Every structure is written in C-alpha cells, then in structure tokens.
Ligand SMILES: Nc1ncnc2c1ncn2[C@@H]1O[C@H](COP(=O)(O)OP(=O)(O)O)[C@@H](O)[C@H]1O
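Just the one chain here, laid out as structure tokens, in the form predicted on its own.
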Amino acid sequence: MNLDFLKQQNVSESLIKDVDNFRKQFPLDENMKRRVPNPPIPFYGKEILEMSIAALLKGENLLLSGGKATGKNILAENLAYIFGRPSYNISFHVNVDSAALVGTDTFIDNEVRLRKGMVTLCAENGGLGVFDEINMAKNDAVSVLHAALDYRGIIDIPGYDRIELHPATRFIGTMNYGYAGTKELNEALVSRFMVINMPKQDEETVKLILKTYFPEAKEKALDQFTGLFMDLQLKAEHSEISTKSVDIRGMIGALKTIQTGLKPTSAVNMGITNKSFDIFEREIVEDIVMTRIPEDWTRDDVF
C-alpha cells in the first residue's frame, strides 16, 4: 500500500505534499522500520483523513471518539503508515499505571536501571503513540501524560532524567463512549487533543472494505454480507439489539472461514450471531441473518 489511496479519495494535494515533506524531514532509522505498521486495508473517508493529517502535520494530538466498527484503530494504523512513523500501542486497563507508561526500576547487571515504558520509547523515537480505550485509564496513569501532550513536550521521570519529545512524536487516543468500565475524560486531558467524532459506516464503505479483503468474492454475496452488516447496525441504532453483533472483524472472520469450505451460515454464527449471549437478542440476530444468508449456501455461492 502506498499513498496513492489518498489521491484516489481526492485528499488535498497540498496535504499529501506536506506529508511527503514531513517524511523527508524526519527520516526513519533502519531499526525502527519494523515498527511502522502496514495496514491490511486503506482507511476510507476523505474528510476524516484530511482532518487527521492536517492536525498531525501541525503537531496536534488526536482523540478518535466513536462507536464500535467505526474504524478508529484502522485509521490510527493508516496514519502511522502515512507519516512513516513507528507505532506504539498502549491498551488501557485497570492494571496500567504511570510506571507502565513512562518506565519503572529494574535490576540489570547488579544495578538498578530504568526499564523504559511505551510512552518514553515513543517519545525518544518520534513515534506515533496510540492510547487504545483511553477513557478506561486510571487517573494516575493519564496524569503523567499531561506534560508530554501539551506545549512542554517533556516526560519527567522521577529519579532519572527529563526526556524531551522527538519533534515527530504524536499521540492518538481512541475511545468508545459508554462501554462498560469507561468513564468521562477530565477537561485537562481532553484539552490536549483535537477530537474527531468517527461516523458510522455507510453501505458503500462496508462493501469496499469487504471487497478489499476478499477481491475474489462474488458480487451478489458481497451485497448480502454488506446488507447484513447495515441491517444489524440499524437495529443497534434503534436499541433493538446491542452492538455485540455489529462487528466488522467478525464479518471478515466469517468470510475467511467460508474460504476454507465452512458452510456460510455456520461461519456467520461464529463471527456474528453467537456474540450475542442473550438468548432473545440472539434470536433477533438469527432472523436478520436468515433474510440475508440462505441456509443452502455453500462456499461456491460466496467465492
């Protein structure tokens, strides 16, 4: 994948030129190239791409807010690829504290040394740090990020040195609002990000994603799988079902298993239907699946 996908989506030529200049200004060390992600598919969405690229070019950090299956992580991977920067992914959970982010003491060769955390490594190497589910982070964890995320651009590690961020360093936070275990982000943290509300997937984009993953799939089958996703998304919007089955990863997983010869309805059960653990919700999902994926379909009807 190269940057032609930006031109194909009519992303501003001046932005693409600025990205090229950025990559020339901050060439990547050979040993860091393995950390630059190679996304499986391009991110589709001209407006979102332009907003993201413009913000990162000007040294801003991004907060991607949106529901399930809106492409937050794919966008983050694409941006690291576009800018040619090593990616450092930090998934927040209850055990992630400040030491896990910036570093902690460790014993090496009979002396105490700093074992650097992901944020510190990202800052030193001019990486793109991705804070996954940032609204699940504990207060003491995110508080150490404030100086790194604002105009100061530093990380002060108690007992060690002060680290200044490499000028190419950027951070991207992702969050699903209202998920179990999440909480409101405090004002001080939010003020350090430019925020993008990720839109729900439209039919054209979903089909494009599936076609990119499965170019050999039959058009009729892609239409049905795309329609299934849109039907489930609509039901979730109307609160008739939860978002558990609105799962583009599950859809892709189902199609992969169909490639191996598994019956399409069985594959969809594993990838979509069975993710609804409530029996009544699962029955609703099963009914939706039945209208889109015929019981007698085989692999040959899809590929």
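These numbers come from a predicted model, not from an experiment. Start at 1 with the first residue shown and count on from there.
The same protein has a further form, the form predicted in complex with the ligand, not shown here; the description that follows concerns it.
Heavy atoms within 4.5 Å of the ligand in the predicted bound form belong, among the stretches 66-74, 274-282, 52-60, 237-245, to residues of 66-74. A heavy atom within 4.5 Å of the ligand in the predicted bound form is found for one listed residue only; from L262, V36, I252, L28, this is I252.
Between the options T205, S143, S87, Q224, the residue in contact with the ligand in the predicted bound form by a heavy atom within 4.5 angstroms is T205.
The three residues I41, Q201 and Y213 all sit with a heavy atom within 4.5 Å of the ligand in the predicted bound form. In the predicted bound form, the ligand lies farther than 4.5 Å from every heavy atom of M136.
Contact between I209 and the ligand in the predicted bound form is found at the 4.5 Å heavy atom cutoff.
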